[in-house]
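Presented as structure tokens, the chain that follows is alone, the form predicted on its own.
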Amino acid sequence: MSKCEQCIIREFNSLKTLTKDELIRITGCKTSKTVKKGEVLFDEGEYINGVFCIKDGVCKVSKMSDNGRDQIIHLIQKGDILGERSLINNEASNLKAIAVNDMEVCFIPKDEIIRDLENNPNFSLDLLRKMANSLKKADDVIVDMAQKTVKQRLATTLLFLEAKFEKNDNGSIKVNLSREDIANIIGTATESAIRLLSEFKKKKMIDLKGKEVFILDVKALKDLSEGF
């Protein structure tokens, strides 16, 4: 099992603010596991009782709507912390997290994180900043859903994926989302997402090879996203 104080992943999240002794304590109580593609990390209504530190891979965090449709709220990747909101408000999760590809995660129990929140103000402040940033992004999603067309939302999503994820050697975005996943991000039917992706490809804004997406024209996507 890797030691938290030696793990480079913590530099990408709030764990970087913990002292060496605090990290050594976490190493002694955390558990590490592999989550296979399609497996659930946690479900709506579940008490998580800790946080996940994502060591590798991507998961989609979604909320089930009243009509039975999943709305993807976030894409969580290597370096992110997941589950801190449920931990702090001491409630069951109102979201579901599913692995998009094979993941390596570390689970840190609630008692250890609460202890660090109480004793390390730098950790508390950094975690609050991350949560505030997450809420800001959620606000943006709400506005986009209300004011942008589906076509604009797709352009916005493609720009987000281009900015957030690394590239494969062939230049494609290093996250393979299904057409249904993309539809569930932009809030439309899968058929509509497929049709719009084909339209974007025809206009040479993107290229598609299976689930691989290549961004060809950032400016055109940005103009479309902003309504020009």
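The numbering used is simple: start at 1 and walk along the sequence shown. Just so it is clear, the model here is predicted, and its values are computed rather than measured.
Although it is not shown, the form predicted together with a further copy of the same chain is what the next lines describe.
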(request) Identify which of K33, K164, K203, K63 has a heavy atom within 4.5 Å of a further copy of the same chain in the predicted bound form; exactly one of them does. (result) K63
(message) So in the predicted bound form, is a further copy of the same chain close enough to E46 to count as touching (4.5 Å, heavy atoms)?
(response) no
(message) So in the predicted bound form, is a further copy of the same chain close enough to A97 to count as touching (4.5 Å, heavy atoms)?
(response) no
(message) Is it the case that Q71, even though its partner is missing from this view, gets within 4.5 Å of a further copy of the same chain in the predicted bound form, heavy atoms only?
(response) yes
(message) Just checking whether S124 would be counted as a contact of a further copy of the same chain in the predicted bound form - the rule being heavy atoms within 4.5 angstroms.
(response) yes
(request) Please state whether all three residues L41, V58 and S198 have a non-hydrogen atom within 4.5 angstroms of a further copy of the same chain in the predicted bound form. (result) no
(request) Using the arrangement in the predicted bound form, list in sequence order the residues of 115 to 142 with any heavy atom within 4.5 angstroms of a further copy of the same chain. (result) L117, E118, S124, L125, L127, L128, R129, M131, A132, N133, S134, L135, K136, A138, D139, D140, V141, I142
